[in-house]
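Listed next as structure tokens is one chain, alone, in the form predicted alone.
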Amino acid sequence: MTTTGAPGRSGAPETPAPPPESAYGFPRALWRGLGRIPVPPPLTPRTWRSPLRGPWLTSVFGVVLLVGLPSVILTGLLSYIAYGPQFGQAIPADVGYLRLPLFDWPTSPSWLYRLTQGLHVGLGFVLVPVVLAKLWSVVPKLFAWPPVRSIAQLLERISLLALVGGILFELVTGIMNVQYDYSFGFDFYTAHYWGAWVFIGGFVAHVAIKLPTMVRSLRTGGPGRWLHDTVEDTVPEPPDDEPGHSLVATSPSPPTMSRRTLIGTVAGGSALVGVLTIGTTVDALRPLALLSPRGRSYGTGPNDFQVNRTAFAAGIGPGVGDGYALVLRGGAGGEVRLDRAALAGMPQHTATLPIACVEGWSQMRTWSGVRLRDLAALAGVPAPVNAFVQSLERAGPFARTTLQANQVLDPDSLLALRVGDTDGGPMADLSLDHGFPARVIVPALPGVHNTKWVGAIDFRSA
């Protein structure tokens, strides 16, 4: 490499020696002209001096993400379908050509949404250290100069921009959403959905372009070649075949750790994040949920489980039960009104079901109340095509929801009046924050659609 001044001495920018003519594609004059422009760090290859970087190390992190990220993508898209976009209640409602294939979200197994959304959020957290390590391993490419050397490489860089920008946007906004921090100033659900498709496009394109390189690097390096090295044995990988865009340091510093230590550190970071997150999904491990944004205690007795929207925030006062009457509509006979005593006097059904939220937390509880299908029959619509549930809450995006026919007719779908722990202990009336006088509980339904403070249900026939 030739320079017009060594960085850190004269302060003059460094001009890399131009690569051979064969390194450029059409139009060669443009790319070669860019390559002759003197550039300062971090655009010079000599800036990046770690002897650990190379195609093999990047490929190791890439394999982990290649396995983990599709699971995060799939479970995220399933969450959108679970929200019932066919009723216009998923956000965003209008997605144009990016409309997903819709189907009736199942109620069995009852833990389906708990699993899919727990994986989406939990695995997303666990992969954060891997994503950061992968970005660190490829940072020389992000600052390579000239930035492109051919039309094909230009397309690759665009896909890389979508991949890196998309994954950072999804991770940052997703973590902020889990922590109930909306200081970014825009609607999370809408931005997260569109950002996901930008990321998916970049991810698919990048895998298609780089998969052969990754396979070749893993075969060439092999785990035995690099993972068994001590710090003293650690040397840079052989240069890769991308002139000017190599990951291998041109002027490596002495190693301060081995590749084995680096990979172990990243794995340990992911394991630690997993341990601190899993308590939001696994009841027995709740004491470990140190990352829970609202603490680990939410009430007393059976009502000690997560509260996303309090009664105070919803404008529901402590006197909500005074004069309460549930309104049922749908049949030819007009409205049916039931006070809480009348609801308690109907045949009660008990079911042990999880309640799971889009933020990833979930809790298993035993619920007792009136089957929704019994209320539908009482309203004169024994076989509804759907049911429109309205809360006493007057505002808010989840003050109302539409349930599918299978969700109304499932034998464990309830208008719950009481809640208990899963150990068979005594049950208690729902607390005000958990939906007193009555709330909906449906197997496998996203938590926000298990409407609290239910005031009316409209059972709709074909």
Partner chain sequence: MGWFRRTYGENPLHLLALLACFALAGAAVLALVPNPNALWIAVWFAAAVIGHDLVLYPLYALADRSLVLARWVRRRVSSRPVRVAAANYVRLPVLGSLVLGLVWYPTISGGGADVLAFAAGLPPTVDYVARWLLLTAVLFLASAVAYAVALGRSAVRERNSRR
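Quick caveat: nothing in here was measured; it's all calculated off a predicted structure. Numbering follows the first chain given and starts at 1.
The next section is about a form of this same protein that is not shown, the form predicted together with its partner chain.
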Check each of 373, 349, 329, 309 and return the one that places a heavy atom within 4.5 angstroms of its partner chain in the predicted bound form.
309
With the partner omitted here, the residue among 74, 100, 267, 168 that in the predicted bound form has a heavy atom within 4.5 Å of its partner chain is 168
Exercise: residue 106 in contact with its partner chain in the predicted bound form, heavy atom 4.5 Å:
no
Indicate whether residue 143 is a 4.5 Å heavy atom neighbour of its partner chain in the predicted bound form.
yes
If we define contact as a non-hydrogen atom of the residue within 4.5 angstroms of the partner, is residue 125 a contact of its partner chain in the predicted bound form?
yes
So, in the predicted bound form, is residue 304 in contact with its partner chain at a 4.5 angstroms heavy atom limit?
no
Quick one: find which of 83 to 91, 106 to 114, 375 to 383, 310 to 318 has residues within 4.5 Å of its partner chain in the predicted bound form by heavy atom distance.
310 to 318
What residues in 123 to 147 sit within 4.5 Å of its partner chain in the predicted bound form, counting heavy atoms only?
125, 128, 129, 132, 135, 136, 139, 142, 143
